[in-house]
Each structure stands twice: as structure tokens, then as C-alpha cells.
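Below sits a lone chain in C-alpha cells, taken as the form predicted alone.
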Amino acid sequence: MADYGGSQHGIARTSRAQAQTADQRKLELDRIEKYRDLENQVRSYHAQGDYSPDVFQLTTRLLRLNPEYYTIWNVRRRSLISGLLSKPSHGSAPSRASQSSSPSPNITPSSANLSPSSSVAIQPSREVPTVGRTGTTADSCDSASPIKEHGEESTENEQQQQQQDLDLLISELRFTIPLLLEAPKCYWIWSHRSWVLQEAIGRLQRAAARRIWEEELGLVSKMLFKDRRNFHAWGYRRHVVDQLEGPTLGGISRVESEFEYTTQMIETDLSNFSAWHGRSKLIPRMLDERGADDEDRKAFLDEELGMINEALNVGPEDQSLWYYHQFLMLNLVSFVGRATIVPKFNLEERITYMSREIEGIKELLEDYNNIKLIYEALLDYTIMLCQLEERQPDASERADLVVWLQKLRELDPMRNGRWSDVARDYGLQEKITTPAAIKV
């Protein structure tokens, strides 16, 4: 059985390797035997094409022991659509959309490839609640029947079927909560929740389906509170937001609220790479939706540069901060054919901003003279500035490049080849000597 605790970003993987007594070893062997017996039962029923409610209960027991077992998740889904969920009639629900018309983005290899005989095409999702029956947020959805759209009529039988589906889908989401809390970086749990949410779109009235998707954002927030840099949760959040904004659920833009969410997460932890990355993806669209004019865009760039420079003054050794600073700098240099913050900036303005940032970074060396990322940024931005002006480095810049390259050789000898390439490209190679400490 897999050890599925997760071990990234300072969140330790759960350790199950402990010294065992003879009695403990016997208990462990008994547990393994029972697990294998349970696994053999499920696989035997699967081979026979039996997806009855009894098989569904067996998958519940097995997945609680090992949520990494992706084939069993497929068996569980087939049990759900083979009898437990109603047989949907096409067009019976306003929110109905085929799986192919609203695919979930991949966070894992496609589940369609997990079992050769599987007829259930599952597209795993990338991105979880305020807590209701789904294990997420408000409980107001718990007693709510699927809401009919204006002018839509449903028979009593259809309403009963939709209520049964709603209850079952909510129960399925609740089932995954304790598994997700124990294994927050397990692909297959996130994938299954995404599948359940897609089923809600296809089977429920739009209002009921939307309520479930909205609650899912609450779960994502709870998971990110536990581990702010869980990239599975960040990816899944983007997927949920995309669906809520889409026409199927009758959504509106959430770009402003998501941008504010990245601000809150960054203020909590400056090292949150996923929050900085998400912020960079939201900015072009947010400025467009605001209808920002040239002055608004310039003011926004100034504000973002001020925020990131303040962060760099505190933690210049943090790579996530330099990632975002580089994103802002590339808006000044690589601005042709792509959405940028300040598309109307003229060349003089771009040169002024780039030069100012280089001078600001040089000031960091007064307090931090042994941090590789500072020298690397100075090297990259000076070259960018020269490219922007379509010229070679002048004498002063060449002298700086020599000093910075020498320091990079000392601080990062593993990339000595790269520094040699830069030196050669700008005619600096003979001026740089390899430190004795790193000679072979």
C-alpha cells in the first residue's frame, strides 16, 4: 500500500516505517492479507463487469485503505453511473453539458488510460470548502431541491431523480474529505472530486449545480490554509473558478476576487510561488476587464513593482520573489504579440524603468553580497537592457558583468558552463578566471 502523505514545501510525508515488535508485525501481515483479499474481490467483480451497490461498498473500504489506487476509483465511478445515479435524459436539466463540452484540465495522466476495459472517460482535474454536506461550506445546499430555471417545468419523477442524484453526489464529495485531509497531494482524490462536480453539471438544475461548485471554492481555501503551497489545490482552484465563470453555470468574472485572494496569500507567506504565479496570470485579463487606460496601467505597474521590491528588501534569497520581478521586467522587454501591463509604453519609458530597477537591485548588494539570485538578476537585466536598446554593453556595463560573473562562479560553480557561455557571448571570457576553490 502506498505511502501517500506528501513531502513538499516543508510539509513532511507521513512516516510509516517504524520499528515493530513481533506482535505488531503479525498484525501488519494480517492487515495486508485482508487488504489483498479485498483488492482481489473488487478486481474479480470488475473483470465480470459487476458494478452493483455491493461492489461500490467494497470500493469504499478499499479506497479508505489506499486512496492512491486509481483503478479502484474508476470502478467506483462505473458503479455510480451503472445504477446508483439516475439515467439522465438528454436536455432534462438546464445545466446539462456533455463531458466533452466542458472538459476538466489534466492534473494527472488521463484516467481513461487506467483500465483497458474502462468505458468511463474521466478527465482528471487540477485543482477544494466553508463546510456543508459536501464537506465544504454552507449547509444551505443540504436541504435545497434542484432549482428550476424560469419557464422550465420538471415532472415530479424528474425532481425526485434529481434530488436523489444531488444527495448521492454530495455524499460522494463528503466521502473524499477525510481522504483528502490525510493525503492532500493525492492526484486521484482531486480527480474524483472533479468528476463528481462534472456529474453535477450534467444531472442537476443549474442553481443546484452552481451551489456545489461554489462550495468547492471553500474547500480549496481550507486546504490552502493547511498548506499554502499545495500546487494540486492551486491548480484545482483555477479549474473550479474557470467553471464558475463559464456559461454552463451562468457565471460572471471572478478575476478581481481571485486577484485579491493572491494578495491575501502573499501577505501571509511571501514565499508562496503558486500565489505569485496565479497573480501573474490574472493581471492582463483584470486590466482589460477594468478598462484600464494608459495612466491606470502605469500606476498599476508602479504599485506592483513597489510591492515586489519591498519584498525583495526583506527576502532577496527567495526565488519566488525574483520570479515575479522577472515577470514584471519581461512586460517591459517582451511586449510584442502578447498581453502586457503597459502596451503603450514607448522605448524611452521602458529603458527608464529597466535602468531604475537595475540600480535598485545594485543597492541590495550593500546588505546582501553573497546571494546568487541578486547577481543573476543583475546579469540578466543588464543584458535585457542592452537588447532593448539594440546595442552591446558599454565599458561600464562590461566591467560590472565581469565582476558579477566572477561572483556567480564562486557562488554557483555547478553552472560554470553557463557563466562561460555568457562571458564568451559578450567577449568577457579572457577576463574571467576560474576560482582556485573550484578548479578540477
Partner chain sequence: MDSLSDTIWDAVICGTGLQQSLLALALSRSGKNILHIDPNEYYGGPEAAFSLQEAESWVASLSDPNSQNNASNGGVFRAASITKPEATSSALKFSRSYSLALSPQLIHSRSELLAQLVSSRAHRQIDFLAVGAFFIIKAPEDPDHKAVLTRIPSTREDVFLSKAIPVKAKRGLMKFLKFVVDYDSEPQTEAWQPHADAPLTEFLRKEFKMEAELQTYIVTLTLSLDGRISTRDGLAIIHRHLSSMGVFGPGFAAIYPKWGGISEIAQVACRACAVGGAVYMLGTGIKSMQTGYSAEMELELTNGVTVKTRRLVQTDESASKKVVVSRLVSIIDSPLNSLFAAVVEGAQKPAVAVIAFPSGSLKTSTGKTWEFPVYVFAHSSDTGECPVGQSILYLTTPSITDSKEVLEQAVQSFLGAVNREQVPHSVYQLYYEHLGGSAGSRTEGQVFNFPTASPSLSFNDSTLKVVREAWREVLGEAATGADYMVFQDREGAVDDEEMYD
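Positions refer to the first chain, counted from 1. Only the largest set of C-alpha atoms that superpose within 1.5 Å between the two forms is called the rigid core. The structure displayed is predicted, hence computed values, not measured ones.
If you look for the form predicted in complex with the partner chain, you will not find it shown, but the lines that follow are about it.
Although the partner is absent here, Ile266 lies within 4.5 Å of the partner chain in the predicted complex, judged by heavy atoms. Among heavy atoms of Asp294, none comes within 4.5 Å of the partner chain in the predicted complex. Contact annotation: Leu364 falls within 4.5 Å of the partner chain in the predicted complex, judged by heavy atom distances. Heavy atoms of Leu301 never reach within 4.5 Å of the partner chain in the predicted complex, leaving it off the interface. Contact annotation: of the candidates Arg31, Arg43, Arg415, Arg391, the single residue with a non-hydrogen atom within 4.5 angstroms of the partner chain in the predicted complex is Arg31. With the partner removed from view, the residue among Glu317, Glu289, Glu359, Glu349 that has a non-hydrogen atom within 4.5 Å of the partner chain in the predicted complex turns out to be Glu317. Judged against the partner chain in the predicted complex with a 4.5 angstroms heavy atom cut-off, the residues Gln48, Leu85 and Arg285 are out of contact without exception.
With the partner chain left out of view, the stretch that reaches within 4.5 Å of it through heavy atoms in the predicted complex is, among 401 to 409, 381 to 389, 49 to 57, 62 to 70, 62 to 70. Residues Phe225, Arg228 are the ones in 220 to 238 with at least one heavy atom within 4.5 Å of the partner chain in the predicted complex, listed in sequence order. Relative to the superposed rigid core, Phe175 undergoes a CA displacement of at least 2 Å between this form and the one not shown. When the rigid core is held fixed, the Cα atom of Gln406 travels less than 2 angstroms between this form and the one not shown.
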